[in-house]
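Single chain ahead, written as structure tokens, the form predicted alone.
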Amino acid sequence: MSQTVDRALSILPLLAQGPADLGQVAERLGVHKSTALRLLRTLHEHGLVYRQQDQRYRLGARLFALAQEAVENLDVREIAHPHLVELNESCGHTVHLAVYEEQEVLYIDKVESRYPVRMYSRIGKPVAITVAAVAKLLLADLSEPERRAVAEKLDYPMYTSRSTPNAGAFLKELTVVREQGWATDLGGHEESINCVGAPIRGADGRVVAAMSVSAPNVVVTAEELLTLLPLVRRTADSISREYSGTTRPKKA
């Protein structure tokens, strides 16, 4: 990637944190103000950033439109959504859909729990890749060399005492997940949150997405949540068949 493109793209996550003036952008990039201004003007011309009346810059409407268009064109999300809603209506808990892109696992859909206690997760936000059930499912489908290469590059923050501590432990867990065809996160990211998930496969049998059901301990115990595994797997299988074109679409 050219240095100019890299610098321009580095501005976007900075502005995602809130509006910033020219000096702040230049300081963050480590460049002269004239260079930062040139980059901001280019992004402004494409609608990716907007200059406010106070001369500070924020993310532009075009960026949000592009993001929304990209999400809408993710076919697996469109196909899966009615199934996710149905699963949510059956169990009442939060349901997530995630994909693996550019070395990150991202949520691309979410159906909120009907209970007052809800999870703080957002569509488009990367998941905690070393502990999340959906991440384990997506990475487990990689070839052994790919799994090892990814695992060795990751950091292993100890979110809780149940978090995955290192690459060796992570690779062992991915092997188990690959063999059994489902995954859990039982307090690995947050002590009070448990999750069970299943993979969504394409016509070639490869995992294209992963879905999960999550709930806090105050609503349902980990043991009770695990009783939903058959339902979660059936839902994932239904989405897989529809995505692969082997069954008729579910009506929204």
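We call the rigid core whatever largest set of C-alpha positions still superposes within 1.5 Å between the two forms. Counting begins at 1, following the sequence as shown. Predicted, not measured: the structure shown is a model, and the values here were computed from it.
Keep in mind the form predicted in complex with the DNA is missing from the figure; the text below concerns it.
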{"property": "The DNA contact in the model of the complex: D237, any heavy atom under 4.5 Å", "result": "no"}
{"property": "The DNA contact at R206 in the model of the complex, heavy atom, 4.5 Å", "result": "no"}
{"property": "4.5 Å heavy atom contact, R38 and the DNA in the model of the complex", "result": "yes"}
{"property": "Contact of L66 with the DNA in the model of the complex (heavy atom, 4.5 Å)", "result": "no"}
{"property": "The unique member of L231, L14, L9, L22 whose heavy atoms fall within 4.5 Å of the DNA in the model of the complex", "result": "L22"}
{"property": "Interface segment, criterion being heavy atoms within 4.5 Å of the DNA in the model of the complex, picked from 183-191, 23-31, 58-66, 212-220", "result": "23-31"}
{"property": "Per-residue C-alpha change between the shown form and the other one, N217, threshold 2 Å, rigid core fit", "result": "no"}
{"property": "Core-superposed C-alpha of H32 shifting 2 Å or more between the shown form and the other one", "result": "yes"}
